[in-house]
Each structure stands twice: as C-alpha cells, then as structure tokens.
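Before any questions on how it binds or moves, here is one chain, the form predicted on its own, in structure tokens.
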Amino acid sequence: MEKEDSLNKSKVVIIRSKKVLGSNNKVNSSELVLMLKKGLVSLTGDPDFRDVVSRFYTPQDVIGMKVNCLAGKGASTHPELAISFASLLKEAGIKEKNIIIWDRANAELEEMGFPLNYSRNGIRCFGTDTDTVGYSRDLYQYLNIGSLLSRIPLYYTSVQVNLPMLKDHSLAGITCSLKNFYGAVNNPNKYHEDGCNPFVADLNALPQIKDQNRLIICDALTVQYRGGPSYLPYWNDGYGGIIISTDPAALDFTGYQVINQLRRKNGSPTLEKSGIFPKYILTAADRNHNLGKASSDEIEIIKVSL
C-alpha cells in the first residue's frame, strides 16, 4: 500500500547548490547545468538527462520556454537558466530553431539580458508584442476568464517548458508556475481580485495552455520571499535552487512552503498570517480544473544538494 501511495504522488525536486551563486548573486552557469542534469534524473529516475528530455519532447516539437521578466532584474527568470536548459535540449537532439524563449514584451526580455532573435537561425527569442506576433482575434474562455491569447503558444510552439521565478506576491500570495501564464493573455489586470482566485486556475485550465505545459523548471536561485513581486533586496534570499516538476499545482504548493520557510527563517510572518495565502493553488487542484495536487499528503518532495 505504501508503494502504491508513493506512485500516485506528484514528484517535486528541489535541488540546491552553494556554488551556483557567486558575489553579487552572479550565476555560475556550469554549476547550473549540473543542477539541471541532476534534477531531471532525480525527477524521473532515468539514468541520463537526455532520456528525461525524450520523455517530454521530440525533435519534431517546437518548444516554447515561457520566462517571466515583468519585475526586471532581481525578481525575474535568470537568462542563465533558460540558456542552460536550451543547451541541454540541444544535447538531447532538439534543433536550435525549434526552441523559442518568450514572454509578453521584447523590452522586458532585453532588460533581463535575453538576446532577441526573430530569425530561424539559432535559438529564437521574442515577445508577444513583436509586430508579426500579437494576440489572437478569438476570445478564449473558461469559467471566469475570457482573454485573447498570445499567438506564440497558439501558432509558434507545440509544447512548453515553464520557467517561472519563485517570489511572493502582495495580492496572490505567491507567483510561480501557474501565474506565469498571466504573461500569455492580453488582460491580466482583470484577474487580480480575491487573490487572483479562481482566475489563475481558470486560465491554466484552458486546453491551449494546459495541454502544452509538459515540464516546469522554477527559478529559485534567488527568492523574493516578502515584498514581491517587485525586487526588494532586503527581503530577497540567495536560495541557490531550482524546483522541477511536471505538476504545476504541486510545484506551486511546494514553492509556497519554501517562501514560508524563508519568512520564518528571516523573522517575517507567514503568508497565512499576512493574509495572502495563495488560495488559487487549491482551486487549481479541484475537480473543475484538475491541474495537479495541492496537499502535502499527495506530493513527494525530493531534495538534492550539490
């Protein structure tokens, strides 16, 4: 029975290294690649990271890498994470032209240091606001949301790897893998009432998002555990980690626990005591959304240190 229960759990890998961040939180890309390789094989049990990649992606796929650049440096996805994972995709047989790093705006990507590339030579990188891209003409609806979707997941990519940044959020509680897709719609400003609940869950239940979302690699190299989603250095922790899962609800539930741990460690009230518990994570796991699991009993957390 114990083994059967373990098989039914969603796996979340937290892998940390004391070597991945140097002075001024500069990222050691070589160490980050090692973390990615170890984290991937820890998730599935495969002997080689290329076997893991093959579980989720084929050479025929066009892989979108959804990063989060809205908050600027210090509180956005590190370019080193996206570029390091892209290098592993290439080693696993994915062509560069079939990799697209994307977010909502070119200016935000550039500010974070992502090299824009609209051509089909090399890894592509561009925002939805690119002249030839934009949003859909059709409205996509599920329960309480109705939005125009970025044409990148609709027409440019066939699958996604979700690359969010883990941080707390003054309204939603946290922002991580589920909320990252607010950057894929034209009207995210309309979805912040009541802690973004149930809107985050409704958005991710859209088949155009849910069906593409194969793998999540969360940037927890630094974590804004209080004062987010903006960068406030006083409440920013050099956590030195990445969090990997195929279950967005389980990953976000784990991320919420990490933020509470950092808050306790640094003498700050928990999210619950601050009145910003991320309710939308529980909604994402209900029968109307079926986006994953959101309780400690249903999640197996695998901790790895390098």
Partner chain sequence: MKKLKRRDFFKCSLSGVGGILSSNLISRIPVLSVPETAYALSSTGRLSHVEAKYYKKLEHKEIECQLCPRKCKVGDRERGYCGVRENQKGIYYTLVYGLACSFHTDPIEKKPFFHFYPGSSAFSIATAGCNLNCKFCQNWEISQARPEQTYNIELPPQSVVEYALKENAKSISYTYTEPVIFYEYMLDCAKLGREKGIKSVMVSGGYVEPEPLVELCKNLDAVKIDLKAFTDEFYKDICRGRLQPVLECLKELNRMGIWYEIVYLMVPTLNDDMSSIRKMCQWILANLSPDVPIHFTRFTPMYLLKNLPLTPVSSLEKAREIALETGLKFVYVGNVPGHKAENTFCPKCQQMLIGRYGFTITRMNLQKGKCKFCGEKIPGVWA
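No experiment lies behind these values; they were computed from the predicted model shown. Positions refer to the first chain, counted from 1.
Below, we turn to the form predicted in complex with its partner chain, even though it does not appear here.
J.: Would you kindly say which of D211, E110, E91, E193 lies with a heavy atom within 4.5 Å of its partner chain in the model of the complex?
T.: Among D211, E110, E91, E193, a heavy atom within 4.5 Å of its partner chain in the model of the complex occurs only for E193.
J.: Looking at G146, P115, G122, P207, which has any heavy atom no more than 4.5 Å from its partner chain in the model of the complex?
T.: By the 4.5 Å heavy-atom cutoff, the listed residue in contact is G146.
J.: Is there a heavy atom of A71 no more than 4.5 Å from a heavy atom of its partner chain in the model of the complex?
T.: Yes, A71 sits close enough to its partner chain in the model of the complex that at least one of its heavy atoms falls within 4.5 Å.
J.: Going by a heavy atom distance of 4.5 Å, is G183 a contact of its partner chain in the model of the complex?
T.: Result no; G183 lies far from its partner chain in the model of the complex.
J.: May I ask you to check whether P153 falls inside a 4.5 Å heavy atom distance of its partner chain in the model of the complex?
T.: No, P153 stays farther than 4.5 Å from its partner chain in the model of the complex.
J.: Wondering, does F126 line up within 4.5 Å of its partner chain in the model of the complex on heavy atoms?
T.: Residue-level check for F126: no, no contact with its partner chain.
J.: Report the stretch among 79 to 87, 95 to 103, 134 to 142, 217 to 225 that approaches its partner chain in the model of the complex to within 4.5 Å, counting heavy atoms only.
T.: Careful reading of the contacts points to 134 to 142.
J.: Would you give me the residues of 218 to 246 that have any heavy atom within 4.5 Å of its partner chain in the model of the complex, in order from first to last?
T.: P229, S230, L232, Y234, W235, in sequence order.
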